[in-house]
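The chain that follows stands alone, in the form predicted on its own, written as structure tokens.
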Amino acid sequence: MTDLSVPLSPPVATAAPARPRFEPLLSRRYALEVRGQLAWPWQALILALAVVVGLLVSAAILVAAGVPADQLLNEFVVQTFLDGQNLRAVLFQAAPMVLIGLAGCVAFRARFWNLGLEGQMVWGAIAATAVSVWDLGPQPLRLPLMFAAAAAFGLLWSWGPAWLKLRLGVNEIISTLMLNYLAANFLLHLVYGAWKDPASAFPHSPQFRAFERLPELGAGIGSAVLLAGVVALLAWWGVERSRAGLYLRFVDANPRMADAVGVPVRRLVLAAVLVSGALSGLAGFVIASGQEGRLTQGFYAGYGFSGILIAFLARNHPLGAVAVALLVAALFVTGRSLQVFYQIPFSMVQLIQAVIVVCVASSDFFMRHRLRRVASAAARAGTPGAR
């Protein structure tokens, strides 16, 4: 028989792995890739670093504008949070911001971009003032009636764009923005017309009476703070603990998938928008009854942007909205102090807020992406398979 066996070749000595070549820093290549779910401690660390960077940039801007560097810590921390009067001013300013921020959080959770927060605020304040002007209800019930009317009218003003979106597919960004103008012009029509204060002839409504004002809790802290805290807890429970909140998170993550598995997406979106409108109306009530004591022509200015900002920075989390609203209110109060003592223009205060927003928004990019080093061609040639 023929021998078909193949003689074995002599063993070949395996080459020793090449020593990795040194790669200069500037010649290194990096690739941007999407992260998986990042653990919350790392998210908190990245967010804190972003806030620190924003504060450092803001400090540099203020120093360049003439504020002594050794006074910045005193102005931002000592005078704002350790001085009783200024701390009460922060809480006073934060109460409506918490409500308007919660309104943004609830609507954005349903992927409804409610930019009509200011218009819904306006209608809430108008409804509360109507109860006062027309003397509706007995005196002991006047304040609850103003509260209910503000929530109801804010809710109704948000129902229109929600219906247009769900039934006709109208872009809610356009419709809610346009409704802001309608509400603002109707407010001007009232304060320059039928509701102009006859005592002073200035364009604002008559002063609310004592039983129509939100009372103080003591130590100069208004009950608006308590109201905002209770509403924040209810919003947290509704969004984070209730079944509707669980469905809402499903809708936020993937509305098409949620609809496919039987989640009532349309009803959830409508409910979230109506709650958002009611919260905005309550913010208007808090300003009219708790701060101004009457309906004024420009009380709502800037609150819509603040609500969107707070919801964005808090990532639509109700308790996060409370913390961010306190931070924004502190910046506002500190900015007023800088205006008085260092003649800093208010636009500088807005610039500082914008810097912090940009830094925090940038942190979202690093939470979702990462840079991974990729070996260059020279490195791959020196070390096969090396990356």
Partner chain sequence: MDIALHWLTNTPDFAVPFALAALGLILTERAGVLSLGAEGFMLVGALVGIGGMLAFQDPAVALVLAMMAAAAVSLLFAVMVVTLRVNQVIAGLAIVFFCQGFTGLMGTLLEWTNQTTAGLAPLALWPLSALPGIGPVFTQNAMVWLTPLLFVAVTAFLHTTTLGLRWRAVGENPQAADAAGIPVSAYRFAAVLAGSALVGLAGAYISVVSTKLWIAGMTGGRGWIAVGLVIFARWSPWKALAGALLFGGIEALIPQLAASGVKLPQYFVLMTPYAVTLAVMVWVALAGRGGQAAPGALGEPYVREERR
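Positions refer to the first chain, counted from 1. Since this is a predicted model, take the numbers as computed values, not measurements. Each form is matched to the other, and the largest set of C-alpha atoms that superpose within 1.5 Å is called the rigid core.
The same protein also exists as the form predicted together with the partner chain; that form is not shown, yet it is the one meant from here on.
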Next item on the list: Give a yes or no on whether every one of 45, 217 and 225 sits within 4.5 angstroms of the partner chain in the predicted complex by heavy atom.
Entry: no
Next item on the list: Answer with yes or no whether residue 207 is in contact with the partner chain in the predicted complex, where contact means some heavy atom within 4.5 Å.
Entry: no
Margin query: How about residue 189 - does it come within 4.5 Å of the partner chain in the predicted complex, if we only consider non-hydrogen atoms?
Written below: yes
Notebook entry, point to check: Hey, in the predicted complex, does residue 155 get a heavy atom within 4.5 angstroms of the partner chain?
Noted result: no
Note to self: So, residue 312 and the partner chain: in the predicted complex, are they within 4.5 Å at any heavy atom pair?
What the structure shows: yes
Note to self: To test your reading of this chain, name the stretch in 134 to 142, 246 to 254, 232 to 240, 110 to 118 whose heavy atoms come within 4.5 Å of the partner chain in the predicted complex.
What the structure shows: 110 to 118
Margin query: Between 159, 76, 305, 92, only one gets a heavy atom within 4.5 angstroms of the partner chain in the predicted complex; which residue is that?
Written below: 305
Notebook entry, point to check: Considering 319, 53, 326, 361, which brings a non-hydrogen atom within 4.5 Å of the partner chain in the predicted complex?
Noted result: 361
Next item on the list: Would you give me the residues of 171 to 198 that have any heavy atom within 4.5 Å of the partner chain in the predicted complex, in order from first to last?
Entry: 171, 173, 174, 175, 177, 178, 179, 181, 182, 185, 186, 188, 189, 192
Note to self: With both forms fitted on the core, check whether the Cα of residue 62 differs by 2 Å or more between the shown form and the other one.
What the structure shows: yes
Item checked: Rigid core superposed: residue 318 CA moves 2 Å or more between the shown form and the other one -> no
